[in-house]
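Provided below as structure tokens are two forms of one protein chain, presented individually as structure 1 and structure 2.
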Structure 1
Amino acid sequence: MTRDDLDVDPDELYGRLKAYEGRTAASGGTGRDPVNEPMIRHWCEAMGDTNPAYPAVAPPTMLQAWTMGGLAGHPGGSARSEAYDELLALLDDVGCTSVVATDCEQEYPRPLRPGDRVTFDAVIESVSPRKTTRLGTGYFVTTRMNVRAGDGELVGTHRFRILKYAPARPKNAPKPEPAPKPGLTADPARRPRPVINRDNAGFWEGVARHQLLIQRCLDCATPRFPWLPGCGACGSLRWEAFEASGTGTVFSYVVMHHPPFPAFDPPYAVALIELAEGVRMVSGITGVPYDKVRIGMPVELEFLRVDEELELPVFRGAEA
């Protein structure tokens, strides 16, 4: 059971939210790069798309790729409007601090071709009435982006919908403490909490006992991780949990430099570990400097206490 966590007048709030409909969400946006064949080839390889029409034209579903600013942002600064930032801040202020993308719709009047220079603008198309979902109570916000080629011709329309919501909490659960006010700093050592639900609760119960538990299908014996309600190989819903040996190797890894987060101290390595049981999991690496992590490095499971409440499975590597 969940309940509505928004302690505000719904009619008064909805009137304020509706006032943002029709206002600019982004203006004067310019694509960082012209439409180009190398990016089209990379996209097609990643998607497995062998259509012979490419790269003479760009796949229509690349539409949004040409408008993304990346970590450096858009040329000349952000294209996002103050009105859109105000709308999101208003939802944050009433407790809708979480966000999830729900769906998008695209229209393609004509294909983009190598050499096209993309510009775009966006409008806040609609804000829904208050909705209660399994995630929590909040509002659906839809923006409509018009994408144009350098000559001003409309080449695509992208409608993007998000849900800004207050996370649901169990009935009769204590209300969470409010977020720190601007100027106040939360405990910088506190790591983000894992999301625990009915599908993965058994895994975290095992972690509390210093066990790394993996699922195994009772019909085809396929092991799986992360925990899921059904088998990806045969579809069976019957499974059992068993304890992993804790040995494995580094299958792949990245060194995190950006973005910085107060609970972490970059640079640090995050690895995809291939366990002896044949499944893979993402984990932190301990015991070796970040620049000594290597693909194929053998690792051993250990449990790292990061604060008074949270303990995590990590893997200790050994320098060659």
Structure 2
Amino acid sequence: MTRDDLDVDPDELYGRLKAYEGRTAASGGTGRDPVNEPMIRHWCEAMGDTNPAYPAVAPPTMLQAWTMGGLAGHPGGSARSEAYDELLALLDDVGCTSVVATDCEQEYPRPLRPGDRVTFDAVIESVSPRKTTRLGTGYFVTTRMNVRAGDGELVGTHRFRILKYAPARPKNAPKPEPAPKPGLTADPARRPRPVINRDNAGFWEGVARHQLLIQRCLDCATPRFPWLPGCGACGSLRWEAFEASGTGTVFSYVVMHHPPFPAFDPPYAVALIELAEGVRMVSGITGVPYDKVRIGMPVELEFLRVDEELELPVFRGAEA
């Protein structure tokens, strides 16, 4: 699905974005190192550029390298302006949280030579109207940086364009779960969610209808759990889902004590249930204290509402 549903009025938003055009994106920046032969040589080796003119002059396309702060950033902080930070934050707020650099254009009025010290500043040149690309919907933001050397002589311009966008979802991928209610996402005590993909979604659709669905091979009739696209007995890809009776026995179990599990309250039992249909599944046990669960104990299916989003098939034990 292509997303064109940023939750804001596009005209109103575009007006606010346009207001940043012409404002400063960076000011008073100074190159971390003077233009120097070792960096030129490393760059040429990495790029495979054997032009004999280097390193007497710097390769022109190294222009941006002289303005970069390195992994630790510029000592004394970035030259980036508050206005540019605000613009990016505004785009984040409307859902354009992803960024991709799309292209850059450079001009080189004169070559840089070892010993040159660069300074730079940048301006927000333009913000595009809303655009939808294969990546998603968002806005192209173009900045233009002027790089100077010595007494302020212009040695290069660097026009840099990014797309700030809200990522499109891949076509036909399962839709993400609905946005959780406030308070739930950040709650570390949430149980792990089921891991749902196209091979097992049918099982969880069944759970939502309070049905415990097992696969059955349409060629050799072998019942199958966990859900998989093919039969482990004969390899057939043809299958149907059928509803389990819900009766079974405890085939094995454990009692969880340690480490502390935020979503759970140890000690608690987890069981491996053998269903009447002959397949097994891991599940929780209700109705019996953790220290009374035993192998062979008969159990009956029920559905446990864990939280607003999660319902699980569990099994009620009958204490002997």
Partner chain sequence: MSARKPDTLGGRAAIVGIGATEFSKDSGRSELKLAVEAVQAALDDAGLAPADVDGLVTFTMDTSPEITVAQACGIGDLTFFSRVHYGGGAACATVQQAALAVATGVAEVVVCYRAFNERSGRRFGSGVEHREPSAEGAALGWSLPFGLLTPASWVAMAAQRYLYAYGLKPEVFGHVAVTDRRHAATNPAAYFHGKPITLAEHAASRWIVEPLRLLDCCQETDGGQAIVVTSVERARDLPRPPAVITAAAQGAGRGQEQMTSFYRDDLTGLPEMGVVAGQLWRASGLTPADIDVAILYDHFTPFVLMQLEEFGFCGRGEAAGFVAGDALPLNTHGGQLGEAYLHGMNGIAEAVRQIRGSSVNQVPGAARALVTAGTGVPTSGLLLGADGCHARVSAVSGRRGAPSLVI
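All values derive from a computational prediction rather than experimental measurement. Take the two forms, find the largest set of C-alpha atoms that superpose within 1.5 Å, and that set is the rigid core. All residue numbers here refer to structure 1's sequence, counted from 1.
Q: Sort out for me whether 1 or 2 is the form predicted in complex with the partner chain.
A: That would be structure 2, which is the form predicted in complex with the partner chain.
Q: Rigid core superposed, CA of T286 - does it shift 2 Å or more between the two structures?
A: Yes; that C-alpha moves by at least 2 Å between the two structures.
Q: Does F160 move appreciably between the two structures, meaning a CA displacement of 2 Å or more on the superposed rigid core?
A: Comparing forms between the two structures, the F160 CA shifts below 2 Å.
Q: After superposition on the rigid core, does the Cα atom of M297 shift by at least 2 Å between the two structures?
A: Passes the 2 Å threshold, so yes.
Q: If I align on the rigid core, how far apart are the two C-alpha positions of P260 between the two structures? Answer in Å.
A: P260 is displaced by 24.8 Å at its C-alpha.
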